[in-house]
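Okay, so here's just one chain, in structure tokens, the form predicted alone.
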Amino acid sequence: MKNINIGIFGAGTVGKGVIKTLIDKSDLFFKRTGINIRIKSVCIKDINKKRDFPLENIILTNNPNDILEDDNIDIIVELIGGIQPCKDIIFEAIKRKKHVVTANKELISKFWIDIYSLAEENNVLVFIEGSVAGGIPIIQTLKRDLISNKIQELVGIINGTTNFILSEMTLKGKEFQETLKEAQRLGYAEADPKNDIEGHDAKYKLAILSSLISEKFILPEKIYTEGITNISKKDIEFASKFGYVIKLLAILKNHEDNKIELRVHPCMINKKHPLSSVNSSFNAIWLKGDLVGDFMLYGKGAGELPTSSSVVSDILNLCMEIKQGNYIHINIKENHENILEIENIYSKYYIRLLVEDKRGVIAIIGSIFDKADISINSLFQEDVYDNKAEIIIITHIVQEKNINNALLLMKNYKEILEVENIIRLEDF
């Protein structure tokens, strides 16, 4: 019988769930793996704080070295989050030949090559399932179940906070700020929600997924990112009129010329697409493989138990690989240099303009779009007030740089008062 000792860093929401699960299901896990998995130590800030998980036979410490220097600990589980001290903890653990399980999306997305190269050098494994989509097993699915496929497209709702906000705005007709406050009250959004609502969280996750799919490292800062702060109740209502809903999407498209298209931004998607009905804090990932075709994973994207499911599954899978002694390393050792610039992508566009309500304005807009080589699919006028009107335009598929050219031309006309919003529209 093989015994595996674990040291855990962090006992917050996810850490607590992992500890409880490993203890409560220890007999089941032994039955399934033939391995006795034991939590030896947990590193936390305050060792005197009352905890609502069993502490019997677990060493509590606030000194990371108590775990890192313990030669009897085989796996460290990092559930603190952020860059430091997590980076130092993980690097030191690997150097000491300890395997690693982490849900740290920011750290993995920024230091993928360094972490995995060091792990291969020391012949240890790093598992990261909990870093992307809570309880959805996307990493193992890509690594193992879809290993025979070339992934052509991936579109994901991978941030629960923004999906909750947009869902509430859509279903209840609320404005952004009102819904954000409700998300914070319910615990779906942090007191400082910037990381979520500005798209950074989804960017880190897409960087991980795209690195795994392309087998080349993609830095998060290479991914075009736009948040949801400019989405209004009015935009959501117009989207519905056209048969669309607005979601914050992480998008990957592989092109035949070996270029990869990566972007995170609000997007209008058809109500008939499965992703359109993914609401509240749920996550979903839709992808297209050259063999499997369309494929979608759906589930809870955050929280104690869903993320604990992914972390504990990583621990069990890692234990099985240790038992078998056959380590499969993720072989990504170079940066991806062929990422498509956002101005070169093709999409449809929703454009909402505030203009003077006077004769000739529609002709001006038509002339601008003609000069920018943009074909208009539909155009209509809404909300006439104070000698002002809103013009709503949906374009045919066009290159983004053409849209940018049109925006520059609009600045030359005093009749066009404001570009109120531009949202990409995709028919996946």
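Numbering starts at 1 and runs along the sequence shown. Computed from a predicted structure; not experimentally measured.
Not on display, but discussed next: the form predicted in complex with a small molecule.
- Residue-level contacts in the predicted complex: of Ile158, Leu262, Ile218, Ile90, one residue has a heavy atom within 4.5 Å of the small molecule, and it is Ile158.
- Though the small molecule is absent from this view, in the predicted complex it lies within 4.5 Å of a heavy atom of just one residue from Glu106, Asp74, Asp235, Asp196, which is Asp196.
- Of the candidate stretches 285-293, 160-168, 107-115, 144-152, only 160-168 has residues with heavy atoms within 4.5 Å of the small molecule in the predicted complex.
- Although the partner is absent here, Glu78 sits far enough away that none of its heavy atoms falls within 4.5 Å of the small molecule in the predicted complex.
- Looking at Val124, you'd find every heavy atom of it more than 4.5 angstroms from the small molecule in the predicted complex.
- A residue is said to contact a partner when one of its heavy atoms sits within 4.5 Å of a partner heavy atom; Lys203 fails this definition for the small molecule in the predicted complex, lying far away.
- Interface membership of Ala302, defined by any non-hydrogen atom within 4.5 Å of the small molecule in the predicted complex, is confirmed.
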